[in-house]
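One chain follows as structure tokens, the form predicted alone.
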Amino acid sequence: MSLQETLSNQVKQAVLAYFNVVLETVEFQATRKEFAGDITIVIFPMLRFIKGNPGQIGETIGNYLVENVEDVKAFNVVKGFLNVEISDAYYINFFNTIKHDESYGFVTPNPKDKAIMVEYSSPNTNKPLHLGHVRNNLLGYSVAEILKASGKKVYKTQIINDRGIHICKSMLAWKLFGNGETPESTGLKGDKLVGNYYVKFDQEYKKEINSLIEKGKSEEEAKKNAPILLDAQQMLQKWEAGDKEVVELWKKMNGWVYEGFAETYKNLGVDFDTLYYESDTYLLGKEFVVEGLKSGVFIQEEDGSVWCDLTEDGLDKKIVQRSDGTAVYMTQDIGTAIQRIKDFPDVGGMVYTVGNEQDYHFQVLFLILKKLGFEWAKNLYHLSYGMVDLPSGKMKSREGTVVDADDLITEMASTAKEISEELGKLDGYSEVEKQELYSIIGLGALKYYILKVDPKKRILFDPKESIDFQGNTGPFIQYTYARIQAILRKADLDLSANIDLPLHEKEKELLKQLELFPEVIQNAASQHSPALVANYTYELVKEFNSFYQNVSILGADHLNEKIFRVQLSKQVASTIKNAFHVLGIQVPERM
């Protein structure tokens, strides 16, 4: 039982014994630095149930805890806050239970529990991944790893949007202007090559619109009747009809894109257990439209279109099948969700990592799946996130003004190189070691900068700011980890013994921070928020640096002190490594 659980139970017993009140919850917070104490019990919420002066209520509960809880050695009351001092013995015992546990904070999944499927990335096959995809991938991957660490079985997946008019635009532009060039003949990654033709299509489309306007057409007419757009629409119809030549071109160009994506995912350090393709799934939902009509969940209009009326639920009417019988996005998403459960029967819930412009879509999707009677539909979660902005403004892929993911990864490594050279931190490294380290620092900076922010908030991404070796950044935390590794290399001690000694206040503060880690992982899992893990790690590192500056580790007066402080440093490093593991960030052994 944790300290908080023990104290909570005892506080409830005290309140029952002295005030004859059954308390449901007890609120805790960290004790403020200016007061003595290790954990604070907040009295104010109790005043709804207990009549009296908060100071006197605190005194009564404090005396009860000192008498009844072995590890409570003293207390003080400041207004409505009961600050409790915990014995050194409690923290020493806690430390001795975790100091050899390399997976401290992580829970092993129970094979009997239901799994969770986490969807992220889900790109279109007409362009390379960009900065927006980077936030999506980092968030989805990290949430999957955090859920795993919290004790869940997890499947990582994506749905690849490999069909539709936007895909045909790239195909048509390549056919018209490509002269048969390939990734091999140009030396370009396949996704970049195809993306260039998406931009080319837009350029030609705009030229044709201007030409039609000059000939007297309205802008709206020109947009609808530009020959290149009509050709792309015709190509899509041919694809849907299974035209051999169009399907072959589609397979060839998508193949180029998949090779390009695979390289980006590898460089970004994300992976997937299973893939779904929109070209397979877009018809999947249609059989459930029939089911929904039978059960009265859906209604058919006179023109033959099928709708779900959600007005009683505070939403609007949503189309699930067009009058010509074709599927819409909603139909496809209904079918895909159901197919995933068929493919993985142990899945009991899903997380969809998709930008916040799709909030309403997922509200509707989840509600429809509930109305169709699927038990697992209550365990669906939309991991909604804000856009990523750059100091220079908004990104538009069809105009070719996006920040390419590969370029960003390369830029982060070169920024890391520039800053490391300025600081002179890498003397004595070989060129290969330096390049590897620049990549670890650059990518760590990028991931941490994005993941430390609450997913719901927009981010203004500044590469230079993210690679600062001071403050709440990835490199600052990586540097602290590497510093601890240097201490461990110099120490040359037997670290197996259990040491029992009075604690320095800095040691105690560090142990209190370490004790929070398992709870942080559980909270981050339940809130789907890597930011909680990132900011916890920063607090742990700040606490360690304060300990490092105030307490001599290798120069301690007594051998037992030296052993204990090296053990403590080692556990801090292990916890940093575990925290960064779930964020998808590597830690360097030297820096």
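Sequential numbering from 1, following the sequence displayed. Just so it is clear, the structure is predicted and the values come from calculations on it, not from any experiment. If you superpose the two forms and keep the largest set of C-alpha atoms that fall within 1.5 Å, you have the rigid core.
What comes next is about the form predicted in complex with the RNA, which is not displayed.
- Here the marked residues I319, L423 and E589 all reach the RNA in the predicted complex, each with a heavy atom within 4.5 angstroms.
- Residue contact with the RNA in the predicted complex: G52 places no heavy atom within 4.5 Å of it.
- In the predicted complex, none of the heavy atoms of L559 sits within 4.5 Å of a heavy atom of the RNA.
- In the predicted complex, the RNA sits within 4.5 Å of a heavy atom of N535.
- Put simply, Q522 is far from the RNA in the predicted complex: not one heavy atom of it is within 4.5 Å.
- A single residue from the set F272, F344, F469, Y104 has any heavy atom within 4.5 angstroms of the RNA in the predicted complex; that residue is F469.
- Proximity to the RNA in the predicted complex, defined as a heavy atom within 4.5 Å, singles out one entry of A482, L380, L188, L369, which is A482.
- Considering the RNA in the predicted complex, the lone stretch of 96 to 104, 327 to 335, 188 to 196, 170 to 178 in range is 327 to 335 [heavy atom distance within 4.5 Å].
- Contacts to the RNA in the predicted complex (heavy atom within 4.5 Å) from stretch 281 to 314: D303, S305, W307.
- The two forms, fitted on the rigid core, differ between the shown form and the other one by 2 Å or more at the CA of F49.
- Comparing the forms between the shown form and the other one on their rigid core, the Cα displacement of I419 reaches 2 Å or more.
- Taking the rigid core as fixed, one finds a CA shift for V26 of 2 Å or more between the shown form and the other one.
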